[in-house]
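Just one chain is shown here, as structure tokens, and it is the form predicted alone.
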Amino acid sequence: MFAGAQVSLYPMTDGFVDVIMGALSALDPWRDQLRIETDDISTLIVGPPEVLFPALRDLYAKAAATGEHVVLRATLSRGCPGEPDDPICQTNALANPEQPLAERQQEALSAIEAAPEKGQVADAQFSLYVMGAGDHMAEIMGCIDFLKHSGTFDRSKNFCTRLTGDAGPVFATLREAFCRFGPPQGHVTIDLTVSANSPSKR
């Protein structure tokens, strides 16, 4: 399987270089479990979901802790048929869709309850795309039902769902949505925006 994210961090400050470079240091504890490639547009982070999402959480939280208005944009994908399998992505985190939906939802909720808090608020909106064969709408609706009970659900919006809360549970919610819904060998993607310290909330 191939799993990863194309990530861009946008600080709304003249000191954007310091914010970005400081935030990238939060990836250091995860680097031996990930493949990380940066260019002038985005950073590719390849690895298993159980490592990928905590790394994104820490990257976001480090940038947000500066107090500056920052936005993290990411496109996450697993199982893309156009990408070769990568041994670094081996994982046992993906749920079997033959397992009843209610059981997968309950396991996802339990995982969120166990998520550590980071002391940094995360306001996020995301869309989940389940592609390939099978009843993709049943998987998406099952995910939405899970989100509404997650403790991080804020509201539904056009084309996406909004989450809010501590960055720990919010990124855990995103991880569970990514891993528990859709076939483990299928193509699943997430379009994600996370914002911190927005002046719109003041």
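As the structure is a computational prediction, the values presented were derived from the model and not from experiment. Counting begins at 1, following the sequence as shown.
The same protein also has a form predicted in complex with another copy of the chain, omitted here; what follows describes it.
Visitor: Counting only heavy atoms and a 4.5 Å cut-off, does another copy of the chain in the predicted bound form sit next to every one of 81, 131 and 158?
Guide: Yes, all three are in contact.
Visitor: Heavy atoms within 4.5 Å of another copy of the chain in the predicted bound form: which of the stretches 160-168, 57-65, 26-34, 145-153 has them?
Guide: Only one stretch passes the 4.5 Å heavy-atom test: 160-168.
Visitor: So in the predicted bound form, does any heavy atom of residue 75 sit within 4.5 Å of another copy of the chain?
Guide: Yes - in the predicted bound form, heavy atoms of residue 75 and another copy of the chain come within 4.5 Å of each other.
Visitor: Looking in the predicted bound form, any heavy atom of residue 71 within 4.5 Å of another copy of the chain?
Guide: So residue 71 counts as contacting another copy of the chain.
Visitor: Using heavy atoms and a 4.5 Å limit, would one call residue 11 a contact residue for another copy of the chain in the predicted bound form?
Guide: The answer is yes: residue 11 has a heavy atom within 4.5 Å of another copy of the chain.
Visitor: In the predicted bound form, does residue 95 come within 4.5 Å of another copy of the chain, counting heavy atoms only?
Guide: Residue 95 lies outside the contact set for another copy of the chain.
Visitor: Taking another copy of the chain as it sits in the predicted bound form, which residues of 24-61 have a non-hydrogen atom within 4.5 Å of it? Please list them.
Guide: 39, 40, 41, 42, 44, in sequence order.
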